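Given as structure tokens, the chain that follows is alone and in the form predicted on its own.
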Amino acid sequence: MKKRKERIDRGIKARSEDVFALSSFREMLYLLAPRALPVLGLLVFAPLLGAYWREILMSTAIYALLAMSWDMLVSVGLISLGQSLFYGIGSYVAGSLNHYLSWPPILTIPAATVLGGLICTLFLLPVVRLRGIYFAMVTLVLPLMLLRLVEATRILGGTEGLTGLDPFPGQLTAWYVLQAAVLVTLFGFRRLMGSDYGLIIKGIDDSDRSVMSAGINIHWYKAQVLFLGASVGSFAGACGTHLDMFAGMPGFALDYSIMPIAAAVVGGAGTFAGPLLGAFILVPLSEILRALGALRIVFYGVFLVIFVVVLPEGIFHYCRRKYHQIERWVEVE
């Protein structure tokens, strides 16, 4: 007898999409739990860890911001291979303002967020009309070009970089700034994509010619999304600069481009929560495997391959499906 797997939405899911969700605490908890867990985990439980793991999780938050920035660009059809461009520009802007103008971190970080996003947008604006591999190749080459430019001209400290920058007032201050930024970015991007503005962005990704035929300037919307993604990446670079008290060529390293993509693949692209989850899995895992020495790369690669093969949709998509749906085998007539 043949059988097939059937997926049925839970009744509580169907009711929760209407105002009837307010009729019981159980249904309110059903809606609230997935949103409250990251807030409790990041702002309440994680600070109870030791100083060492707080440093690791702050680095994880930086990669999570870059991963959500990457996911934002993908939502409008812009595949980026150069998140290190955003990180490096934000790092150098914050470092320069602190080193040359003696601005404190409370001013350099927001200034680097806006200026860095603007600079990156101006760099990529001429190629925003490109899609797919063509746009991706430009984003990959730009940080490498800037890296060699700094090395050849010795501007902004050259190969030695800008050292002795002001740190955050304390580790807990840096912790809460980064985690608050992660939560604001996560819920802000998700809310944006659920609005009419997000509907246009999704339409551009699905069929840009159809959106153009409606009289909408898709290149203007792409530039706006590019600015949003670049600003988040620049914020990550500015925070990383004051954490390390250093701004230099390592800010354009490929790690800041590869890890966000890997986090999005493992967590599940297109959700913002997926790349966030992927970053909070991969970065601590990389640190745990550090004791294995050279074998760390082998185990890390095997881990990524397993996730891509077993869960190609990503962890977040899988968990969301299990949360919202019931799966059962039914007979085929």
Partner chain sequence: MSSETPLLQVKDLSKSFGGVMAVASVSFDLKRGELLGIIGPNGSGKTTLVNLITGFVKSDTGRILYEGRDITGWPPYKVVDLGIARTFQMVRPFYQLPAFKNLIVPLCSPRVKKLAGGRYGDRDAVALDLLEEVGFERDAFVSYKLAGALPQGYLKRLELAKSMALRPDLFILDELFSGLSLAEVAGIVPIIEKMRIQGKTIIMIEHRLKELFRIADRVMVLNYGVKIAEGQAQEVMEDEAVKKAYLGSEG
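Residue numbers count along the first chain shown, from 1. Keep in mind that what you see is a predicted model, and the values were worked out from it rather than measured.
The discussion below concerns the form predicted in complex with the partner chain, not included here.
One stretch from 98-106, 115-123, 208-216, 259-267 that, in the model of the complex, holds residues within 4.5 Å of the partner chain by heavy atom: Going through the listed ranges, the match is 208-216.
Answer option from A180, I155, M137, L199, heavy atom within 4.5 Å of the partner chain in the model of the complex: In short, L199.
Residue contact check: G161 to the partner chain in the model of the complex, 4.5 Å heavy atom: No, G161 stays farther than 4.5 Å from the partner chain in the model of the complex.
Proximity of P250 to the partner chain in the model of the complex, heavy atoms at 4.5 Å: Because no heavy atom of P250 falls inside 4.5 Å of the partner chain in the model of the complex, the answer is no.
is_contact(G203, the partner chain) in the model of the complex, heavy atom dist at most 4.5 Å: Result yes; G203 sits at the interface with the partner chain in the model of the complex.
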